[in-house]
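Heads up, the chain below is alone and in the form predicted on its own; it's given as C-alpha cells.
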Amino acid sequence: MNYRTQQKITRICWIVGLCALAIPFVFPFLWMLSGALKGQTDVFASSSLVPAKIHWSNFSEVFAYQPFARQYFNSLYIAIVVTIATLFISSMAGYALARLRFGGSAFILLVLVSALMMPEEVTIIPNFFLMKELGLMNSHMPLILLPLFGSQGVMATFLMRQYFLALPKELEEAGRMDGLSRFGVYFKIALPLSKPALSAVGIITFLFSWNLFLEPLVFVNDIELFTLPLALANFTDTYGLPLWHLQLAATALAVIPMLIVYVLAQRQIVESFAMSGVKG
C-alpha cells in the first residue's frame, strides 16, 4: 500500500469518525425539523424522523396563533440596535483601557472583569426596581440598556481591549507624528485594523440578544412586545399544555438567523478568541 492510498484511507476514517461523533449534536435539530412538519398528536407518537403526513400548514398557523411576525421583528431590531451600540461603546472603551494611561484604569479593568463573574440572576432584582423607577417597564428599553451596560457589554469591552493591546504601537505613533489627534488615531488607524475583533464581537452580541429570555420575561408583559424566546413559550392550549407542532415550527423559523450567522462568520468567531489572548 503506497503513501497516497494510506492518506486517503486515513482521511476517510477521520470523516466517518467525525460524522459519527456529530450525530448526537445533529439529531435534536433534525428532530425539531421533523416535529415542525408533524401534527400535534404525531410529534411523540413515532420516533421516525420522516413524517407520515407533512403538515406545511403548521408554519402558517404560527402567525395566526399570535402576532409572531411582530415578535420576530422585535427580536430582530433589538438585536441590531444592541449590536451597533455595543460595537460603538466597547470599541472606544476598549481602546481607552488599552492605550490611555490615567489614574484608576487598572481598578476599572478589575471591576469590569469582576462583573463578568456575576450571574445575571443576581442583578435582575435591582435592575427591575431601577427600570421601574425610570418608568421603562413593559417596553424594549430594558432589553437594550441592560445588555449594553451589563455583562455582554463588559465582555465586548474586554475583547476589544485585548485586541487593541496586540496592535503595534508604531502605527499609532506614526499617526500622531502626522498630526492626528488621539481620537483620530483611534478612528482612522486602530478601528480599521480591528475589523476581525469587531466582527466577532458583533456576532456574539447579536446572538446573545437574539436568545435573551430572562430580561424579556421580567420586563415585558404585552404580547405585542414579546421577543422570540417569550413567543416560543407562549404556544400553549387553554390548559397551558404546549402545542408542540406549532412550537417546533416557530423554533425552526427562529433559528434561521442564527444558522446564517454561524455559517457565514464562524471563522471570525474562532479567530477573535484566539487573538484576544495574544497579549495582556
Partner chain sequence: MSAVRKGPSLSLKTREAITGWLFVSPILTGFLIFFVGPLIAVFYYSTTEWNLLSQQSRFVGMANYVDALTRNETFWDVLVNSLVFAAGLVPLNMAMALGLALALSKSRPGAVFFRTVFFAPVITSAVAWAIIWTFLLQHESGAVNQGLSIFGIDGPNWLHEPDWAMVSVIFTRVLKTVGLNMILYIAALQSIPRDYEEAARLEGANGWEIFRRITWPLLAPTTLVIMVITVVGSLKVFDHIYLMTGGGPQNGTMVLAFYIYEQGFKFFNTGYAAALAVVLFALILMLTIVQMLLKASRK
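Quick caveat: nothing in here was measured; it's all calculated off a predicted structure. Positions refer to the first chain, counted from 1.
A second form of this protein, the form predicted in complex with its partner chain, is not displayed here; the remarks below concern that form.
- Figure note: of the listed segments 127-135, 165-173, 191-199, 76-84, the one touching its partner chain in the model of the complex, with heavy atoms no more than 4.5 Å away, is 127-135.
- Residue contact check for Arg99: one or more of its heavy atoms lie within 4.5 Å of its partner chain in the model of the complex.
- Interface residue remark: Ile54 is not counted as part of the site for its partner chain in the model of the complex, having no heavy atom within 4.5 Å.
- None of the heavy atoms of Leu37 is located within 4.5 Å of its partner chain in the model of the complex.
- Contact annotation: Leu214 falls within 4.5 Å of its partner chain in the model of the complex, judged by heavy atom distances.
- Residues Gly153, Val154, Thr157, Phe158 are the members of 152-176 with a non-hydrogen atom no more than 4.5 angstroms from its partner chain in the model of the complex.
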